[in-house]
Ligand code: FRU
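Shown here is one chain on its own, the form predicted on its own, set out as structure tokens.
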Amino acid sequence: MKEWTREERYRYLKDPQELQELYARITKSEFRQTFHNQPVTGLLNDPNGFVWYDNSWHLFYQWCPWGAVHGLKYWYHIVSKDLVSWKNLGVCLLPDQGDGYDNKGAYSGSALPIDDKLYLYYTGNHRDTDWTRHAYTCLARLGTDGWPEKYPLPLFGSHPSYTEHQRDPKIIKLPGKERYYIILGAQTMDKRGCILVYSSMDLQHGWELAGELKVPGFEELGDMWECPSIEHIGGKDVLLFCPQHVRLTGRGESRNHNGYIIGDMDWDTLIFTPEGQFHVLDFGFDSYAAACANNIQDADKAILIAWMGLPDVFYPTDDEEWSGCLTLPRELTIRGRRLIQRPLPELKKLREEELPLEKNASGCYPLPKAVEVELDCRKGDVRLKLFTKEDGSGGMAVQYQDDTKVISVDRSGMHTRFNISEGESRERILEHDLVHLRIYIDHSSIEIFVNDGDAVFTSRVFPTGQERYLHIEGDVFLHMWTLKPAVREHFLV
């Protein structure tokens, strides 16, 4: 794997043609996706600024153009009418050259439309000449011409009572209130994760620290909380965030997580009162930095997209100098004490052809590279082996045990194994019998939705040319559809 110097990682992109040769090489990768958003070159990570604006869904993501490395970050801009088919618009936010407030990266944030303008709130990553970090919360305004106008000064800098780890502003406008809020992921001086709350009567001026969000009982959950959001869904408040550098039961050796707490938010006292425990948002191996769309105007649901990846790990395409993609959008609702994540109904537009169910001599079905698999499951144990060889050997095992109601995913049988130290199996105890699975497979990813959204397992996978079969044990009824491309692959920076 390439060793990157600081100069290489933080090199400023001056001309798109600097990337042309890299793009030509990357497009030949067998792991390029068909219906997931992915970077034209380099690295994609956090989704940013997810919002409905000007009759389209707008989404940005963190992008480092030079390779599979976290370095100088830009905001790359994509749009969609239906959250299924996407169009690349190219780079939107560029870090300043020289000594600007975001001279070493336009880091993650959110967006809010007001009238005919879209306001982008982001973290400016600044480094002094001695490489001392300073974090600033910055603002840009996007007009209908699609080009951002940066405000010359940041809204505020990092608060001195906390470490410099203060980032990922989420802009919040509460219905019926004139005041705006920004919440930031942060770290206390004694290395505990927390959330800072700023408020103002004006989007552009007068931001002041209102205080630290109190979440009773969760004061020791990790040493940094990234990508915070507070959503109001079905009459409940939901605190979503990513606690870092903490081990959780059932998550192997992974130390970076994405999860949520359901409860009640009091914006006057800045106390979030939990009604239960911290839940993992996704039970798979590779999901982080989930972002919910602003202003969808539906109090009963939210729409979420996450980075299909994790910090501080390696993926096989790193050697090809690209990495990362975004998950499919999910509809969030509340059922009982948990969030339910369903694939959007509009995703059925991707279906191209329903496949005939013809087994080979080993009892395996051919598995296309871009496919939707649906199984209605009757009472009893179920075992799937995805990405097996022609004789049914190897692959990723998805197993449900009826007596314990445990569903597990194990990718240790794949030829290409990676991030083994993080653990190669994940499991979830279901509240009810397994009755339904909907599985979306792309060239290098799999998303498994269980029981109409009761659980989801999202994972990157990198099957070889021989790992193209599906084997099923159990009483199930099967459908499979090939899926069409959703993002046209072309070079646009």
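Numbering starts at 1 and runs along the sequence shown. Everything numeric in this text was worked out from a predicted model, so none of it was measured.
Although it is not shown, the form predicted together with beta-D-fructofuranose (FRU) is what the next lines describe.
| field | Non-hydrogen atom contact Thr34 with beta-D-fructofuranose (FRU) in the model of the complex at 4.5 angstroms | value | No, Thr34 sits far enough from beta-D-fructofuranose (FRU) in the model of the complex that none of its heavy atoms falls within 4.5 Å.
| task | State yes or no: in the model of the complex, is some non-hydrogen atom of Thr458 no more than 4.5 angstroms from a non-hydrogen atom of beta-D-fructofuranose (FRU)? | result | Contact check for Thr458: no, nothing within 4.5 Å of beta-D-fructofuranose (FRU) in the model of the complex.
| message | Is Gln62 near beta-D-fructofuranose (FRU)? Define near as a heavy atom within 4.5 Å, in the model of the complex. | response | Judged by the heavy-atom cut-off of 4.5 Å, Gln62 is in contact with beta-D-fructofuranose (FRU) in the model of the complex.
| Looking at the partner-bound form in the model of the complex, is Tyr107 within 4.5 Å of beta-D-fructofuranose (FRU) by any heavy atom? | Yes - in the model of the complex, heavy atoms of Tyr107 and beta-D-fructofuranose (FRU) come within 4.5 Å of each other.
| field | Sole residue of Cys227, Ile340, Val371, Val215 within 4.5 Å of beta-D-fructofuranose (FRU) in the model of the complex, by heavy atom | value | When beta-D-fructofuranose (FRU) is considered in the model of the complex, the option within 4.5 Å is Cys227.
| message | Just to be sure I understand the contacts: of Arg411, Lys73, Lys170, Arg330, which is the one whose heavy atoms reach within 4.5 angstroms of beta-D-fructofuranose (FRU) in the model of the complex? | response | Comparing distances to beta-D-fructofuranose (FRU) in the model of the complex, the residue within 4.5 Å is Lys73.
| Answer range among 162-170, 294-302, 379-387, 198-206 for contact with beta-D-fructofuranose (FRU), defined in the model of the complex as heavy atoms within 4.5 Å | Of the stretches listed, the one contacting the partner is 162-170.
| Any residue of 304-318 that, in the model of the complex, places a heavy atom within 4.5 Å of beta-D-fructofuranose (FRU) | Only Trp307 sits within 4.5 Å of the partner.
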